[in-house]
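Given as structure tokens, the chain that follows is alone and in the form predicted alone.
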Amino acid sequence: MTREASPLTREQVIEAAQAAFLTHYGVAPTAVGVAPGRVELLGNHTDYNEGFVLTAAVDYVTAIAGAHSQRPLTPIATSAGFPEATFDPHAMEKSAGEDRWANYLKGIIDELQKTGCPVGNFAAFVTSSVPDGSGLSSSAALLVAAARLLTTLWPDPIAADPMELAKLARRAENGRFVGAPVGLLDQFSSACGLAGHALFLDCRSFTWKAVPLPAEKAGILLANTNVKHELAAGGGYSERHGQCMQAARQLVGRGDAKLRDVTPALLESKGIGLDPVLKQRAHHIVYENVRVEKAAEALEQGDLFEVGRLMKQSHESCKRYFENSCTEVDFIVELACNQPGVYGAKLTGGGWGGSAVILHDPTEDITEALNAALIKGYTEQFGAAPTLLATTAAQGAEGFSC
């Protein structure tokens, strides 16, 4: 997928996907699915623990143009120079080669077919402005865009409910073709995003609400360290998932327990005999849930200083208790928090690389000074500049016929 230094708008990415499809296949596409990446404001690793998250869709998107095809194999190409993937949608196998990126689409096809949606042969072309491996969940954008494309080509009732579409995309990422044990945060954000709002999600009941995050009051800056991570390949994610499950079972005394069931009081009383590493992981999740609820309340009251304070606490918890940050992200967060007009900053995404999210006063002179300080300081420390991505809380996924 394309990585844009100066990202295209949503409309430009859609147009680029349509034009590339026409050039590549010699015919015009008949449908497009488009889905945004997301920024996790608070709720780091809480989703698969059935906790709370505070998130927002961003205005960096993946668009997939497609059409029904009579070819015996489905071809899917991208604008990033990755090899074209071809496979039979009725007899799919997981790929371990250079075309393994297409496993995400295979996962969506597989899950849709399980619901009775008769996905057959098609051709597709993928274009994206979501930086791969940056912590903005390019994988969720790809999955949800594919789901929107395919449910436009083969209409299915699941497309009417963005939350159900998000759940399907999560099953695809958890399933046999991708195998990443992620929670619902990424797919939900991409499918259900609402412009000008953050989204508060209860990952147990799947109830959610939108809370104001107006662009004129709060700028969102994503500082990509360009340190890559890949959740499906492990990178610590699977280990943390297992540690959280083990800690929950021991603290609650039930095989199906999640850390959502653990209150701060329970952790303090029963955590004494817990393995120290498991207690650290549990500490992060239990108190991160508290921070998410407080931050949602603060946004409803327009208190950005409180949200920023909670973001700083969250990052310190990632460093100390969950140990999923890295030197480069830590440096960016500390540097940002020392700049005028910055409310708070933290790691966003799975961790071990990727990006920091910075919430700041969007006044032009403050924004320019912040950008300059981050580029100068990071370059002096690491010998290369970070990629700075200014964004706002954006609209979620859509699919439409051309």
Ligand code: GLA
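For clarity, every value in this text was computed on a predicted model and none was experimentally measured. Numbering starts at 1 and runs along the sequence shown.
Just so it is clear, the following notes concern the form predicted together with alpha-D-galactopyranose (GLA), a form of the same protein that is not shown.
- With the partner omitted from this view, the residue of Gly308, Gly271, Gly219, Gly183 that lies near alpha-D-galactopyranose (GLA) in the model of the complex is Gly183 [heavy atom within 4.5 Å].
- Shown without its partner, this chain lists Gly43, Gly344, Gly354, Gly33 as candidates; in the model of the complex, only Gly43 has a non-hydrogen atom within 4.5 angstroms of alpha-D-galactopyranose (GLA).
- Though the partner is left out of this view, Phe122 does not reach within 4.5 Å of alpha-D-galactopyranose (GLA) in the model of the complex, counting heavy atoms only.
- Under a 4.5 angstroms non-hydrogen atom cutoff, alpha-D-galactopyranose (GLA) in the model of the complex lacks Phe177 among its neighbouring residues.
- Not displayed here, alpha-D-galactopyranose (GLA) is kept clear of Glu50 by more than 4.5 Å at the level of heavy atoms in the model of the complex.
- Contact between Tyr237 and alpha-D-galactopyranose (GLA) in the model of the complex is found at the 4.5 Å heavy atom cutoff.
- Heavy atoms within 4.5 Å of alpha-D-galactopyranose (GLA) in the model of the complex are found in exactly one of 363-371, 334-342, 35-43, 59-67, that being 35-43.
- Interface residues of 344-365, taken as those with a heavy atom within 4.5 Å of alpha-D-galactopyranose (GLA) in the model of the complex (partner not displayed): Gly349, Gly350, in sequence order.
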